[in-house]
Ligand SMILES: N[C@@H](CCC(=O)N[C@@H](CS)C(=O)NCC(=O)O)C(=O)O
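Shown next as structure tokens: one chain only, the form predicted alone.
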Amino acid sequence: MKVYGFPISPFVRKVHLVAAEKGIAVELALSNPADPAAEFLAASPFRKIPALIDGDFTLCDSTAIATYFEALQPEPSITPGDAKARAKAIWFEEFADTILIAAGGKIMFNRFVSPKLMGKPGDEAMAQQGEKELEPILAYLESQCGDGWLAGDNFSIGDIAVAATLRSLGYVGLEPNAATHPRTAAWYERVKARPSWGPVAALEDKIVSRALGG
């Protein structure tokens, strides 16, 4: 089973974390949507990453792939059974995928991806705009973090998606800070302590270091 993409993408990371939580073996196939391989295009005709190839089955979009993994391997579940908890889990995935990354992506692209990986100057004004947008978003997240998980007692896709996005913000020094967002920082440390996190992060570090010439 192959997952196409680049590991600094929170969407690619989300899929790998779900697979790791469930014990599903996946192979990362590095892919550049700007210069796509034919196999990648067959799985993702609109060049969305991640894309999945599982035998003759192809799929793209992180939410769709996570749903596929949940159906393939129902336990441990990443979607709580209780109606309210399940709805909360899906909300936090949506929050990560469309709100948190919308602001954070402006910073990450212009201060890391463009100058470090593409060799092009970033738009600092756009990065600063992202910083302003991020402030109330992080304040909201702080208000939602407690002693458990985002959707309640059970670790869920919501925790995975939000933590995957925060890891991307680490490339621009914006992972949760215990001094300013202590509840978020404590929750994030609990996510990073899960057995699924270490191997996914280690592979990412190795690939990014190589891409940066390290």
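Just so you know, these numbers come straight off a predicted model, no measurement behind them. All residue numbers refer to positions in the sequence shown, first residue = 1.
The next section is about a form of this same protein that is not shown, the form predicted together with the ligand.
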(request) Only one of L166, I49, A66, C145 comes within 4.5 Å of the ligand in the predicted complex by heavy atoms, so just point that one out. (result) I49
(message) For the interface check, one of 55-63, 153-161, 177-185, 22-30 should have non-hydrogen atoms within 4.5 Å of the ligand in the predicted complex; which one?
(response) 55-63
(request) Scan 1-20 and write down, in order along the chain, each residue with a heavy atom lying within 4.5 Å of the ligand in the predicted complex. (result) S9, P10, F11
